[in-house]
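Given next, in structure tokens, is a single chain: the form predicted on its own.
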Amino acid sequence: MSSKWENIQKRSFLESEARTRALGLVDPGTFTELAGPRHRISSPHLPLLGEAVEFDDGIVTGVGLIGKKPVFVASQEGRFIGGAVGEVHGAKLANIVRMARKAYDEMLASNPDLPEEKRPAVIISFDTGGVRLHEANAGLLAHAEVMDQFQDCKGKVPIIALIGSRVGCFGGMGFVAAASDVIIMSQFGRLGLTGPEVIEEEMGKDEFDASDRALVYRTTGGRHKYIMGDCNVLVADSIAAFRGALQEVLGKLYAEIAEMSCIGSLEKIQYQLKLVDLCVETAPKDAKDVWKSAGNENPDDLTDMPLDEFLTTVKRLTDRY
């Protein structure tokens, strides 16, 4: 095991760039990048607008191993246009999922008894604000194509979402993450549809103060999403912690992984409707009101509580409703 890979394991997931995350999530020495910088596949639209390009278009895609399981990895780079999805970025994301499904079909055709531990999986490390406005139509189409690929993977390939990077996961990509089978977050991860800055810009600071970091994190952050049930697993902020959670999830049978999804059955729809009724009934003004509805008598204590203590004491809506 290389010392470089071991050092990557100790790094903050929040502070790590996309390629570092991709390398650290899979077993050492197993990652092969596809359509990487040396292929120089960049956006054809940005130069026309006088914008700089990146030769990976803000997303790292490739294949590696976790144990005996081949994993198809996509890792977004929030430092490039906020991780926004354009034509090339979106095509790379859609195609890595498509490749995983094709690999599954080919592997099962040649060996119908292929053990679960050797069947492919998809891992997506989200770090994005959603659609790239410079390439809005192409970006929106890419969102639809990715979701279409997710549907083709149902019953075959598990899709695991990781959220713990600087930008978080917002816009249409919030829908994409929600359609995955399992969401793993750190407490510094953020997930939602409309980003805090956009809400403030459109509705005013009285509606949502995007500069209030405490408000932002208790509304869109990992702890809140874990209480809500939108996040399945909450981990510490390190690549090793995310990798450990991945290993645990991927050690399960596909049927068990699929059951962890927030969507996909009548029962899960009914649960979501219960949450709508709860919202109407309680009319929460703050995330802490929701935490109290879940059975947490002192929600203020949850904000700064050490993560280990939080995980052992917190009550979740999924346990109560």
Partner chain sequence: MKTKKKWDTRKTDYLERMSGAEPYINNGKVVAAEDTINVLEAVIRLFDRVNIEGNNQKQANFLAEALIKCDTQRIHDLYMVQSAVPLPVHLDMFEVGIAKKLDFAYGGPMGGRVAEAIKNGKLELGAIHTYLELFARYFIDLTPRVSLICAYEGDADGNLYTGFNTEDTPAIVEATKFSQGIVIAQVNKLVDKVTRVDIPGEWVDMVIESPKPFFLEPLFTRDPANITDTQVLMAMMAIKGIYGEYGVKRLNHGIGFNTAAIELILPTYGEELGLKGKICTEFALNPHPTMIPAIESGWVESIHSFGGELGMQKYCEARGDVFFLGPDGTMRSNRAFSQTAGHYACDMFIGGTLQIDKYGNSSTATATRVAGFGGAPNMGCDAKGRRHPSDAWLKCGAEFTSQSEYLGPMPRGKRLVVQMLESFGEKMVPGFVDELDAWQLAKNANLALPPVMIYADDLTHILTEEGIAFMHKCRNLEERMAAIRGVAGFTEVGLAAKSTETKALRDKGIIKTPEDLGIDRQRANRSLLAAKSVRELVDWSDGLYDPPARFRNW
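The shown structure was predicted, so the numbers you read here are calculated from the model rather than taken from an experiment. Residue numbers count along the first chain shown, from 1.
If you look for the form predicted together with the partner chain, you will not find it shown, but the lines that follow are about it.
Engineer: When the partner chain is placed as it is in the model of the complex, which of 180 to 188, 121 to 129, 67 to 75, 167 to 175 ends up with heavy atoms within 4.5 Å of it?
Structural biologist: After filtering at 4.5 Å, what remains is 180 to 188.
Engineer: Mark E15 yes when one of its heavy atoms lies within 4.5 Å of a heavy atom of the partner chain in the model of the complex, and no otherwise.
Structural biologist: Yes, E15 sits close enough to the partner chain in the model of the complex that at least one of its heavy atoms falls within 4.5 Å.
Engineer: Is E297 a contact residue for the partner chain in the model of the complex, using a 4.5 Å heavy atom cut-off?
Structural biologist: No, E297 is distant from the partner.
Engineer: I'd like to check something about A214: if you look in the model of the complex, is any of its heavy atoms closer than or equal to 4.5 Å to a heavy atom of the partner chain?
Structural biologist: Yes, A214 is a contact residue.
Engineer: Within 4.5 Å, heavy atoms only: does K92 come near the partner chain in the model of the complex?
Structural biologist: The answer is no: K92 has no heavy atom within 4.5 Å of the partner chain.
Engineer: What residues, if any, in 295 to 316 have a non-hydrogen atom within 4.5 angstroms of the partner chain in the model of the complex?
Structural biologist: Stretch hits, in order: T303, D304, M305, P306.
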